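In the form predicted alone, a lone chain appears below as structure tokens.
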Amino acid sequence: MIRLRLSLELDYLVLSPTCDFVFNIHAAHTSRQTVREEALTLDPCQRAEVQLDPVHGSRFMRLHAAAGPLKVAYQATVDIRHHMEDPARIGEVPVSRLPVHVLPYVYPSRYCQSDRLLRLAFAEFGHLPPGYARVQAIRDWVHRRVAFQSSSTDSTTSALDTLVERVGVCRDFAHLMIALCRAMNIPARFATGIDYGADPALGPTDFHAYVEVYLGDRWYIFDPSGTAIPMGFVRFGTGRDAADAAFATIFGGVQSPPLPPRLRIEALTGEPDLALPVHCTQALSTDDGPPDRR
């Protein structure tokens, strides 16, 4: 078990008379991620509604704000219990046997145009034996061919753009890997959160995007950007791509915040699992899988 403490602060200046926000900044409730304590502060103080997605465990906060400055602060202490498995024992699931709720993650989506990558995917990975190792090969292929560069892309950048430009941030690595997996009929989804253990040389702690792939009977974690330690990921949201899992969706006029998001995360002392190596040889999952497949 790993215990992590995180905090974040977001600042906005609402320009229109009123503005609606949908935030996905609360630590998700999953079978293997437990929120021990948390606190939310809004300035000015106002009513916010937090709703739980019962399928994924994501939590969405809806907020109706008046014109003027708005500050959102969230803190949480989270326990994570990873499921670990020998990669050699993890196989792919035929489309005919996928649970209904997994099917959307094998289809093309806005930022993951898997239908445009069929020929490339089968040329690069079609000869590999099905299973965890093939997904790892896709992850490694993306990691080798795309260079990480802060502020190199924007909210319109898709998997196809990243394939051409060969540069991006974590969400771009994730979109390209997801698209290639889906092109091979392997369900893959976009996950967001905050990560412990990133290289300080990459800059201040930021929101992180990574990939979860459905293999065997659960979702396994992959990080094609290679910028952090997968064991230190705290999940906020999941979706088909970034359109489903943005940390903030805004309906109204808002000025760019004077300060960027300020995020912090630390491991609490006395947690022996944090001594595990960065390149863990076992597959990691924070999802127990659907009840009908256990």
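Residues carry their position along the shown sequence, with the first being 1. Fair warning: this is a prediction, and the values are worked out from it, not measured in the lab.
Another form exists, predicted together with a further copy of the same chain; not displayed. Remarks below refer to it.
Undergrad: Looking at a further copy of the same chain in the predicted bound form, do all three of Q33, E37 and V135 come within 4.5 Å of it through at least one heavy atom?
TA: Looking in the predicted bound form, the three residues Q33, E37 and V135 all stay beyond 4.5 Å of a further copy of the same chain (heavy atoms).
Undergrad: Name the stretch: of 226-234, 58-66, 37-45, 259-267, exactly one has residues whose heavy atoms fall within 4.5 Å of a further copy of the same chain in the predicted bound form.
TA: Of the options given, it is 58-66.
Undergrad: Does a further copy of the same chain get within 4.5 angstroms of any non-hydrogen atom of D140 in the predicted bound form?
TA: Although a further copy of the same chain is absent here, D140 would stay clear of it in the predicted bound form, with no heavy atoms inside 4.5 Å.
Undergrad: Check whether D115 has any heavy atom within 4.5 Å of a heavy atom of a further copy of the same chain in the predicted bound form, and answer yes or no.
TA: Within the cut-off, so yes.
Undergrad: Against a further copy of the same chain in the predicted bound form, would H83 count as a contact residue? Criterion: heavy atoms within 4.5 Å.
TA: No - in the predicted bound form, heavy atoms of H83 and a further copy of the same chain never come within 4.5 Å of each other.
Undergrad: Would D20 sit within 4.5 Å of a further copy of the same chain in the predicted bound form, counting heavy atoms only?
TA: D20: contacts a further copy of the same chain in the predicted bound form.
Undergrad: Would you kindly say which of L202, L128, A73, L120 lies with a heavy atom within 4.5 Å of a further copy of the same chain in the predicted bound form?
TA: Answer to the contact question: L120.
Undergrad: If you look in the predicted bound form, which residues in 31-61 sit within 4.5 Å of a further copy of the same chain (heavy atoms)?
TA: Counting only heavy atoms within 4.5 Å of a further copy of the same chain in the predicted bound form, the single contacting residue of 31-61 is Q51.
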